[in-house]
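Below, in C-alpha cells: the form predicted on its own, a single chain.
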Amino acid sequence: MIASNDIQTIKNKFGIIGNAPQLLHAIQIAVQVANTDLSVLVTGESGAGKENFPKIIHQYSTRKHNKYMVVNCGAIPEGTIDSELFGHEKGSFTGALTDRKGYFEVADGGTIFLDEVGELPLSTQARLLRVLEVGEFIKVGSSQVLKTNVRVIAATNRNLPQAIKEGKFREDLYYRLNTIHIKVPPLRERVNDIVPLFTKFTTEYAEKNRRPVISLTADAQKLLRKCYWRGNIRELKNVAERLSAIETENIIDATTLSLYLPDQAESTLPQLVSKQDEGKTFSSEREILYTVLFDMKKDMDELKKTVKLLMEQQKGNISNVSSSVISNETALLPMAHAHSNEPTEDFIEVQEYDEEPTLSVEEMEKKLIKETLEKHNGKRNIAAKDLGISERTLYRKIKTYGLE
C-alpha cells in the first residue's frame, strides 16, 4: 500500500483533484505497476481524466528518462496509421518520398500511450499484437523485421468486450492489453469532488484572465453535485469557464447556474413517458414535456367534440349518434345525471362553451408550471417533482417565463 502522503504528492504533481475511493484506488494501481513492463489498459468515460494515469506510470517507472509519446488513434486516418506507428520505406506508397521512422521505433526504450485504442482498424491491431507479444514490427513497404522495447499503455472509452462481439476488436489483443486494468470513475460517482474541481477551474480562469474568482451559494453547489455530467471533468471545466467569462456577479446562485448546465432528460423525466411512447427516444426534457402537452391538448379536443355531439343529440339536432363515437367515460355523464332532480337541459346548458383559442406550446407550458407552483405554494422542489422535471430545469423555466 502507498501512504496517503505519497498519494497526495502524486495528486499535486499531476494536478489531480479529489478523494473518491475509486480515484485513489486507480492511482495506487498506477504507481504499483509502474516499475513493471506489463501492458496497461485504462478505461473510463470521455472526459474522466484517463490521460493522467499513463503519465503517472511513466514518471514512476525506470523508463522515465526516455521518450513518452502520446498517440491519438482516433485522430489518424486509417490509410496512414500503420505508417505513423511503424514507419515506412521510401516509395512504399504515393507520397512516401523518404524513409520514415514510426512511433514504435522512435520511442524505443520508452513508453507509448495509445489513446482511443478502440478506434484502431483490424489490420493495425494485428501489427500491434505482434509488437506486444514479441517486440517486433515491420515498416510499411519493407520486409525487414525490426525490434523495439516499448512499454504500451492504452486507453479507451469504448466497451471493448462489446466491440469484440461485433467483430470490431481482436479478442487476443484485448487480453494482451488488459494485463493490468485501471478503471477511472465518472464524475457522477465522485460527487464530493465536483465542487473542489469547479473551484480549481474558476480559480485558474480568474488568475489567467485577471478576473475576480466566482463562488457558488449552497443551493448552487447542491445543484452542481446533482448534475449527471455526461462529459465528466471536461464538461465541468467548460461550465466553470463559461460562467467565469460571462457572469458579472461574483456570487452564483442555483437559478443562474442552471442556465449553464446541460439538459439531462434520461435521468430526470422517466415518469413522463407513457407505455405507448416506450419505443421513442427524446433528446431533451423540453421535448418530452411538449409531447405530453400535445397529448393533453389532443385529449381535450376529443372531449370537446364528444360533448358537442351529446348537446346536439339532446336538442334533437341529431337523431342517432353511433355509440362508437362516444367514449364510455363521456356516455356516463347523462346517465349519472338521470338520478338528479334537475332536468337534463340544465346540465347541457352548463356545459355549453365557445371554442377556446388554441394556446401555443410555450403558453401551455407556462400555464402548467404556474398552476403547479400555485398548487404547492411556490415550493419549487415539490413542484418540480410533481411536474416530473429536475429542479434545475424548473429554475430555468421560471426565469424564462418571468414567474419569479
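Everything quoted here is computed from the prediction, not taken from an experiment. In this text, residue numbers run from 1 along the sequence as written.
Form predicted together with a small molecule: not shown, discussed below.
The small molecule: the contacting residue among K222, R234, R211, R188 in the predicted complex [heavy atom, 4.5 Å]: After the contact test, the surviving option is R234.
Of 372 to 380, 32 to 40, 59 to 67, 46 to 54, which is the one stretch near the small molecule in the predicted complex, taking non-hydrogen atoms within 4.5 angstroms as near? Residues of 46 to 54 come within 4.5 Å of the partner.
Suppose contact means a heavy atom within 4.5 Å; in the predicted complex, does that hold for all of L24, Q28 and Y175 with the small molecule? Not a single listed residue reaches the small molecule in the predicted complex, so no.
Interface membership of N157, the small molecule in the predicted complex, 4.5 Å heavy atom rule: Because a heavy atom of N157 falls inside 4.5 Å of the small molecule in the predicted complex, the answer is yes.
Looking at the partner-bound form in the predicted complex, is V239 within 4.5 Å of the small molecule by any heavy atom? V239: no, not in contact with the small molecule in the predicted complex.
Is it the case that K385, even though its partner is missing from this view, gets within 4.5 Å of the small molecule in the predicted complex, heavy atoms only? It does: once the small molecule is placed as it appears in the predicted complex, K385 has a heavy atom within 4.5 Å of it.
When the contact criterion is heavy atoms within 4.5 Å, does F201 count as touching the small molecule in the predicted complex? Although the small molecule is absent here, F201 would touch it in the predicted complex, with heavy atoms inside 4.5 Å.
Pin down for me whether the N381-E241 Cα distance shrinks or grows in the predicted complex relative to this form (closer or farther, change of 3 Å or more). Closer is correct, given that in the predicted complex the C-alpha spacing of N381 to E241 is reduced by at least 3 Å.
Cα distance between K385 and R225, which in the predicted complex differs by 3 Å or more from this form, closer or farther: So the answer is farther.
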